[in-house]
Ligand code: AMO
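Take a look at this single chain in structure tokens; it is the form predicted on its own.
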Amino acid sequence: MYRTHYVSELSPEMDGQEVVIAGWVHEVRNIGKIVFILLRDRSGIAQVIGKEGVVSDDIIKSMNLPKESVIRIRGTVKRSSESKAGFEIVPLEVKNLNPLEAAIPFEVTGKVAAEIDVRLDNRQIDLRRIETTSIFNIQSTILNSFRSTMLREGFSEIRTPVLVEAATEGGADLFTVDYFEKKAFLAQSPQLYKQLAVVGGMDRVFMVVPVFRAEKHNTVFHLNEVTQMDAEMGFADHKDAIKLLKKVVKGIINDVAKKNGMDLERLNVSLSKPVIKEITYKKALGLLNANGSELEFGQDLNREHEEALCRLLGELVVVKEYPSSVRAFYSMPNERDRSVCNSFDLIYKGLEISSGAQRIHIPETLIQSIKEHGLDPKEFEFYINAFRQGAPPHAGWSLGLERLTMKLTGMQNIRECSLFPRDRIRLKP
């Protein structure tokens, strides 16, 4: 048996109980007649103490191990007022499960800082840092919270293709792959396919999918492969989609605050109760211009503008009804104001984390919009034809997993929030 308990499952109330724990040597301290090992597993760190006269000389000798050795310890829980956790482990057996054969490239404890590129080049070691573990603990909660809310709201989870024949969002920023006798592309978005699922009668669908953008960015906010949490709902407009998005995001923030308190503490992050404000694009322009910006109608908002809106309105802001010219071709024109479309973004702490819209479901309107966006309707015939066969009004959005993780964890570089990030230069590990 490799373990009976994770570290987080141990407590002073288990005084005298024999347990088996396993993990990595975080620290070793030898102060003569006493040897301390800090054993780290995914849940936390436990102190193991070997004292001469209490444990055998062989056990004390076996405790002098290099840091990051993989070990299993069988021992007894002992209540201790000197330990921060309120207990320590007195070892009965210490076993090195796989002696180190290569040097550890940087200090996992964080006592000596390591450059991010060094850490990412050795991600399997970086994941042993308790800070890195906390980031992905939080990301796991995000995913579980998203799925739980969508299932409660009556949505079905689906999978859409990664290989596509034509651009799903338009534009040229596509990764090309050989597909037998012709070219194919890595999907920029599941957009067209989740719409087809709604048109097909599934009505409410969601998915967690990788998407690919061949954009030559070198910023701390962009990756070339990211994960999207997507939703699409039939018989709905953008107001319905915004209502759902707000419920999802509030649920995620509340779940992280409730379930990841220790992780947030390790990252020195505190989360505010989520309050989401809404503002139209036109009113946002007026507010920004009244506070020093010089924006004209038809200009998209950049990161500086998004940061300013959050300073003025709060951490979470929905900006809705953008001009059609700055939105995707499938965004439905607004019935009351044809200069804008039923689209929206959600900005969190100065960064856009979600984008969505009511979709065009009228074929002729869709063809016109495709042309106005400089695209060829012939490349979207299968998509357009689907709306000739009884397509309901529908709306949806995508929520960026890495960007949301970045803002919830306080990270300054999105690469920290992707398990194995892919950017313009990084294809390994």
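Predicted, not measured: the structure shown is a model, and the values here were computed from it. From 1 onward, residues are counted along the sequence shown.
FYI, the form predicted together with this ligand isn't displayed, but the following is about it.
- Contact check for I414: a non-hydrogen atom falls within 4.5 Å of this ligand in the predicted bound form.
- Looking at S134, you'd find every heavy atom of it more than 4.5 angstroms from this ligand in the predicted bound form.
- Contact between H238 and this ligand in the predicted bound form is not found at the 4.5 Å heavy atom cutoff.
- Not displayed here, this ligand is kept clear of V205 by more than 4.5 Å at the level of heavy atoms in the predicted bound form.
- With the partner removed from view, the residue among V226, M332, V198, I130 that has a non-hydrogen atom within 4.5 Å of this ligand in the predicted bound form turns out to be V226.
- The partner is absent here, but in the predicted bound form a heavy atom of S189, alone among S189, S324, T149, T160, sits within 4.5 Å of this ligand.
- Checking 301-309, 247-255, 74-82, 354-362 against this ligand in the predicted bound form, the stretch whose residues place heavy atoms within 4.5 Å of it is 354-362.
- Of all the residues from 39-54, none has a non-hydrogen atom no more than 4.5 Å from this ligand in the predicted bound form.
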